[in-house]
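Before any questions on binding or motion, here is one chain by itself as structure tokens, the form predicted on its own.
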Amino acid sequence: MSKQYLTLHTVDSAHPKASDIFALAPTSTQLLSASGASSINVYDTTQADFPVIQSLDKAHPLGIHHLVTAREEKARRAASAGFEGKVKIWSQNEDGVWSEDGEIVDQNKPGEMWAIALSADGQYLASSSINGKINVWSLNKNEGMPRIREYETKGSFGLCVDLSRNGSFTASGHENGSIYIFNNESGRLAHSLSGLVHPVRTLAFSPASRLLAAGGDARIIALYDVTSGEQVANFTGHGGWVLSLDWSDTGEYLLSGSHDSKAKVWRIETRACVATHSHGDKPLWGAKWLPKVPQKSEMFALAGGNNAISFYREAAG
């Protein structure tokens, strides 16, 4: 059974210099976007034309490759990782305005902090690195935002990272195809997962923290049971690298974006693709659900190499 999604609005030339848009990060009322340009844009997702309501200018001088928001509305936190090697933390005030809240000062060399993920409550940040190490940081400003966990892997570039919504696990995907799940409470490796022999570029825990989805250059999406470490499903259909994965709030659907410029919606229960949408003819770097709002249809946003952001909503009926 398929699902129908309608294009609500497209923001063309969303970032300057015809930049690829590398990341999207939603809140309950806004969408943040980041690109090869130095600024972060903030869009109002409650208005029909999704206007830009704030631009965080000169956030990262060489551009931004990762941007994330905390899932809990009360957290009001975001983080961005720039090509110059820094990770900045952002906070949102009661009026919805964002401002810089500090930065994580590591060695600040490009690649030392690559992919990033925020905990649901915005209190912790996980980061991957070019040398394979995975770090977890406390974002307590009074303590100087210290590193509280350092996980060793076999040294392959960590291309992606995620924190489970219950805070128990950190997962990382690597250039050599390795996937690791670490237990944050014990500080130990929980599972080394098999199944993807090509670079893993994106992974995401389900809302209930029971499943982990991973994708990359193998062009398939693998689904793992977090408790057992067993691979429980494979989703096939993309014609290019899988670059982005995001779960719907209920965990019923998984959204994927690919280098083939297509987004797909997968129904977890039936292990089937129920919708496919093209986004131009360039790589689709970002595919994100917008948090479900009462009395509103399910919505998602897509962005990538064509420097446009498109918003979709589920068709009624």
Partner chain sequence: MDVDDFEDILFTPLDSQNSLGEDLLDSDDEILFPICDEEPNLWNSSANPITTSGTTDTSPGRHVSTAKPLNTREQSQHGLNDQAHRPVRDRHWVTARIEAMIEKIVDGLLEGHGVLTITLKSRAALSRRRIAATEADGRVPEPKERDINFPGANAQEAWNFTVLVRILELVHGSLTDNTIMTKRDIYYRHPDLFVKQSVVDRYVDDLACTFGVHRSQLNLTAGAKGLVAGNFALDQDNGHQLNGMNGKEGMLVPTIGENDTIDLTRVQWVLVVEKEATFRSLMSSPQWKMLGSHGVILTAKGYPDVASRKFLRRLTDNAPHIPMYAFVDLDPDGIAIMSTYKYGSYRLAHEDVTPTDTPALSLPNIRWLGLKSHHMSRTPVGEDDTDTAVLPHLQGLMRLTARDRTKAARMLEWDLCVEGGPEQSWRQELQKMLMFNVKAEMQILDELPGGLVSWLSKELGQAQGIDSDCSDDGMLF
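Residue numbers count along the first chain shown, from 1. Since we're looking at a predicted model, the values are computed, not measured.
Beyond the structure shown, there is the form predicted in complex with its partner chain, which is absent from this document and is the topic of what follows.
Contact with its partner chain in the predicted bound form, judged by any heavy atom within 4.5 Å, is made by just one of 38, 30, 256, 69: 38. The partner is absent here; in the predicted bound form, the one residue of 187, 146, 155, 239 having a heavy atom within 4.5 Å of its partner chain is 239. Every member of the trio 20, 65 and 83 reaches its partner chain in the predicted bound form with some non-hydrogen atom inside 4.5 Å. Remark: residue 262 counts among the residues lining its partner chain in the predicted bound form, judged by a heavy atom distance of 4.5 Å or less. Among residues of the shown chain, residue 51 is not one whose heavy atoms approach its partner chain to within 4.5 Å in the predicted bound form. None of the heavy atoms of residue 77 is located within 4.5 Å of its partner chain in the predicted bound form.
Interface residue remark: residue 225 is not counted as part of the site for its partner chain in the predicted bound form, having no heavy atom within 4.5 Å. Of the candidate stretches 179 to 187, 88 to 96, 240 to 248, 225 to 233, only 240 to 248 contains residues with a heavy atom within 4.5 Å of its partner chain in the predicted bound form. Looking at 112 to 140, the residues that come within 4.5 Å of its partner chain in the predicted bound form, counting any heavy atom, are 114, 130.
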